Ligand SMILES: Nc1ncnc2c1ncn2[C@@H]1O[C@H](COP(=O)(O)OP(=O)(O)OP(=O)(O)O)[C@@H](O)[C@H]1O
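Consider the single chain below, provided in structure tokens and representing the form predicted alone.
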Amino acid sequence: MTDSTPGGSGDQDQGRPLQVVLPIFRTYWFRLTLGLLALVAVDFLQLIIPLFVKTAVDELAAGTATSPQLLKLSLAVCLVAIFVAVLRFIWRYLIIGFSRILEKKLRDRLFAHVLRMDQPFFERYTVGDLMARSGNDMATVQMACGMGLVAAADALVMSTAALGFMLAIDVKLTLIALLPMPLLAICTRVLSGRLHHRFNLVQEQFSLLTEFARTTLVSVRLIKGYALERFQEGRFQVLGEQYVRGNLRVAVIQGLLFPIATLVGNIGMLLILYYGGTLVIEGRLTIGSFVAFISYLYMLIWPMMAIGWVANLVQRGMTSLRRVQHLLEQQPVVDTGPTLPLPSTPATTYSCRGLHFTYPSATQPALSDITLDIGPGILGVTGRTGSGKSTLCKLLLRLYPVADGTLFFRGQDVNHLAQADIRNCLAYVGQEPVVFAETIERNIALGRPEATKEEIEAAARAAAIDADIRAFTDGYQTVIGERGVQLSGGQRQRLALARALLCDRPMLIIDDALSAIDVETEQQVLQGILSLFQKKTVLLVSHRINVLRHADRIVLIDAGRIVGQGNHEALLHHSFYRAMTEKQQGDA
């Protein structure tokens, strides 16, 4: 893997970012070919108009022009203009439409890739950064592959054809018009290099701004609770000012490219007016040819200006494409070799054999020498805060990598099994329940979208939340808002539990997900779990003795090690478990 730091040097050092979009270009080559042919046709039709003007001017100067002849030339110009309008619509529809298709396919690929990544990836990249790359960067790539492609092709065809017509009129006059061109090439090369660096910084600043806005809006109740509105406004303003300053530095480069291109074109025009006018005075060039030459030179000024614009679009597009490519090249740390079929053992069984684990950013192990068998029944897990209970759950969910020969699922090393096969056997309820701004029904049916209304309601009753749901005006069709703002903490936990129960998978992992539920409701929930998970495996992480009493076996973890296991009565001999029991009984 390359540089793993978001926006780090690895973003610039990736090779061949165009490989990301070339397959899409190959797929739509016919559409692009038609669009480019229409574009070329427009350019050549525009080049014909000065020839009509030249003919009219020369006839007028010679005194041979007649009204019918001028009318024919005028109608020819109108006819060409109509064809230009039709063909311009065609190339815009085909090429600009292609750029939108490319943007969609690239964004779909990036979204699917991000969903396949594991937990270490999301610890390196913020949501704001991912949103910036899938939004702002995609728009920049689309612009480069749309209008950038059009401007580049148009400039190439127009400049080549215009030069050809100019050479046909007068070779020496054409060479004089091209004298300022090296100045434009040098300035474009120097400014484009600086533009790339500055635009990359702007994109990184946009990522920071997006992430700050997201975290603030998500935590808006906490912000209001601490009266931090003005403080957050100030921080947002600082980030906004940094983003504006970065954009202004980019605008300086962009602002120089266009005036320099225009200056070069006008210098050429000045030279032509002097030298070409002299040729007309001396009779070596007709007035019509001189007017046509100036028209072609004006057509050549647009490609000169387009060089700066295209360079700007291409540099910005390549910068954004490298950022997108950098994400696409990231690979999950939790990787499997050649996958084996999932063992068909009826009961889900995990086995840990000397399991060790240390978080990537930590120096001390979170788990050490865990040897444990997890089979049918209820296994309770408890211990001090930070002892490694949640880490064990994450490893069972295959969110982090483990060494070969330390974790087995149904007797097979997990590193030889497909992650999806393992996860399809698990249902999980975490400490912080995740709910979406959808209806309650859709939230519960997340794991089984095809579930019937009766099945959803049965899962809600088992999680002791059915009565709470029916208390809402719209019942199961109630939209609960962003992060379940309409629900209490206990209701969110029970809703998440109902979602897991509805999946009806062989193993259920509950990571301290009953902490916000009162004792009476807690017992109802436990009874619902016991009724639905008979002969299945339940791993229940909790600090509550009333919950742990239901476990067939309890594992006590301290500082990442198993320091005791057995039923409730057996663990009373352990000082920590006994102290926890006595305190909770005293509080009761």
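So that there is no doubt, residue numbering starts at 1 and follows the sequence shown. Note that the rigid core is defined as the largest set of C-alphas that superpose within 1.5 Å between two forms. Just so it is clear, the model here is predicted, and its values are computed rather than measured.
FYI, the form predicted in complex with this ligand isn't displayed, but the following is about it.
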### Task
Taking 4.5 Å between heavy atoms as the contact cutoff, choose which of Arg398, Arg322, Lys389, Arg316 touches this ligand in the model of the complex.
Lys389
### Single option in Arg384, Arg194, Arg92, Arg423 placed near this ligand in the model of the complex, where near means a heavy atom within 4.5 Å
Arg384
### Query
Looking in the model of the complex, is this ligand within 4.5 angstroms of a heavy atom from every one of Lys54, Leu163 and Glu282?
no
### Query
Quick one: which of 169 to 177, 100 to 108, 411 to 419, 359 to 367 gets within 4.5 Å of this ligand in the model of the complex, going by heavy atoms?
359 to 367
#### Entry: Contact flag, Asp474 vs this ligand in the model of the complex, heavy atom cut 4.5 Å
no
### Message
Just checking whether Gln431 would be counted as a contact of this ligand in the model of the complex - the rule being heavy atoms within 4.5 angstroms.
### Response
yes
### Task
Please run the contact check for Asp373 against this ligand in the model of the complex: heavy atoms, 4.5 angstroms, yes or no?
no
### Query
How about Arg442: is it within 4.5 Å of this ligand in the model of the complex, going by heavy atoms?
no
## Note on the structure
Taking this ligand in the model of the complex and a 4.5 Å non-hydrogen atom cutoff, the residues of 88 to 121 making contact are none
### Message
Once the core is aligned, does Leu175 move its Cα by at least 2 Å between this form and the one not shown?
### Response
no
### Message
Quick check: Gly354 between this form and the one not shown - does its CA shift reach 2 Å or more after fitting the rigid core?
### Response
no
